[in-house]
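Have a look below at one chain only, the form predicted alone, in structure tokens format.
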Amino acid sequence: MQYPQLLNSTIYWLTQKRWLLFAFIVALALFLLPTPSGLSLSGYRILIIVIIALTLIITESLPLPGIAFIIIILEVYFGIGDANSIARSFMNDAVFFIMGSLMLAVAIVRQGWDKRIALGIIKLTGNKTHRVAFGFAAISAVLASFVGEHTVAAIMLPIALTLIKYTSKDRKKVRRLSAYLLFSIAYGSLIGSVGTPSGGGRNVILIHYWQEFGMPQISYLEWMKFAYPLILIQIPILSWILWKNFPPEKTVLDTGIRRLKTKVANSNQITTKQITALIIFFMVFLGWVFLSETVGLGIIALTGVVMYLITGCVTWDDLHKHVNWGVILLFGATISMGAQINHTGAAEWLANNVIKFGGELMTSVPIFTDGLVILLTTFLANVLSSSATVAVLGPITLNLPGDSTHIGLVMAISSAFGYFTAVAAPACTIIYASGLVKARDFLKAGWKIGLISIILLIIYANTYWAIIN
């Protein structure tokens, strides 16, 4: 290779990897600085790893598996733990759950239940636009509370796109209608994802921390008792805000719905495998409700996957092709990082500094603590994934004064407030990829929904939870 070519290639590589280099330069500078007072050496080094990881995740400088591997190897190279102890912190029931739930979602989609869900929604809502959008938001929220928001968004998106296409082939004539329906799905999925422990990885990570740190835990049904009323309150508020921000061009969708009904009605009859897939998922759900405390959510999810494979409802090729393995690796790495933040004393050190910052308000005014946790969690959830946010913040917030159940649930619920950007949550990214909504549309409605959600959660957590406790 000639010198000019080598120089150009080097400059191009440096330009492409500038954030990666920036992260490691900052980390090196921090590594050479003295350890802050009151913080152990291993605690200081795990915080350096956190800074590297957050920078790489936010800037997307590397693929997700690469970031996961960097976290793991640095934990060993920085002396946080040996290879075996780090490996044990990487693989646990929370990771089993995330892997299993992604596989369960593939099986559900593989059996074509999206079309059946579409027909059920239309039968319930009728042809008025605001009722269809409300139905999309409500069904998305309910489904997401059990199988995760990314899965529901992926299932519901084709339904909405078909309805939009049948209403008008000219996208410009139904732009507000498209935004109205698609945001109903995405934001409805986000709202519902905190309804049960199985609604998302963030919830299982929190449960894992409660177990690991020896803190009081709540059952599957108790979690629903704490979280589900908030979902029911948020859904009509969401629909109203979206209606005001994206008043649809069509107030009645008679033509589009009629065509959609015809398409669904002409599809094949329900097969034995589809019935089997539904029965297996129902059994998994019952397992989550009644056996999760003794067996674990992850083991139950993987049991369902094995049953799908045995019955032929899904093949390993389906799972291999459609499961995002990089997400699983990153989940495991961030959970490991969170565990080390706690074990090294870094979580307690950070929590103590937060308490010093908050002063007496932290101990005398619980609402102040809730507000601080909600704002910090919401901010990070809009630049990171919700699960990565809980993985990093969990050990810190659980060391704050107050009831660990209360503060943990506040953090988990507010991590779902990823309304502000197209990359804040998988559900948002999925509808943005359709090309029917613009990046500015997220902020247009998202800041209003986010602000109301923050205020509502503070009030809800300090009234309803106080009553039921």
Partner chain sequence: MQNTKILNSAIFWLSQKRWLIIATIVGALFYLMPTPEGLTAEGHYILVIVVIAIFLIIFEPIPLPAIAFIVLILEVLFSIASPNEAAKSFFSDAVFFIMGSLMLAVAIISQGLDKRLALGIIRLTGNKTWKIVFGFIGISAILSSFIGEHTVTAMMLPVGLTLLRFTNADPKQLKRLTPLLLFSIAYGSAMGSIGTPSGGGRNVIMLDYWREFGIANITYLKWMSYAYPMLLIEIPLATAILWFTFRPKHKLMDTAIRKLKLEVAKSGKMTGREMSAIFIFILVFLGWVFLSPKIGLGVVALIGVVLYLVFGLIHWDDLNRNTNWGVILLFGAAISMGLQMKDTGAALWIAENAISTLERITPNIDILRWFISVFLTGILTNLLSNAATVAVIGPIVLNMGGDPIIIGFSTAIASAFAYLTVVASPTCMIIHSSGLVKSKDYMRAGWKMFLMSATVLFFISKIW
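Positions refer to the first chain, counted from 1. Please read these numbers as outputs of a predicted model, since none were measured by experiment.
One more form of this protein, predicted in complex with the partner chain, exists but is not displayed; see below.
- No residue of the trio R202, W349 and N352 has any heavy atom within 4.5 Å of the partner chain in the model of the complex.
- Just one listed stretch, out of 297-305, 161-169, 247-255, 231-239, contacts the partner chain in the model of the complex at the 4.5 Å heavy atom level, and that stretch is 297-305.
- With the partner omitted here, the residue from F90, W288, F281, F146 that has a non-hydrogen atom within 4.5 angstroms of the partner chain in the model of the complex is F90.
- A single residue from the set I98, I374, I72, I155 has any heavy atom within 4.5 angstroms of the partner chain in the model of the complex; that residue is I72.
- Under a 4.5 angstroms non-hydrogen atom cutoff, the partner chain in the model of the complex lacks L443 among its neighbouring residues.
- The closest heavy atom approach of K123 to the partner chain in the model of the complex falls outside 4.5 Å.
- Taking the partner from the other structure, the partner chain in the model of the complex has a heavy atom within 4.5 Å of a heavy atom of L62.
- Within 4.5 Å of any heavy atom of the partner chain in the model of the complex lies no heavy atom of K173.
- For the stretch 194-227, the set of residues having any non-hydrogen atom within 4.5 angstroms of the partner chain in the model of the complex comprises H208, Q211, E212, in sequence order.
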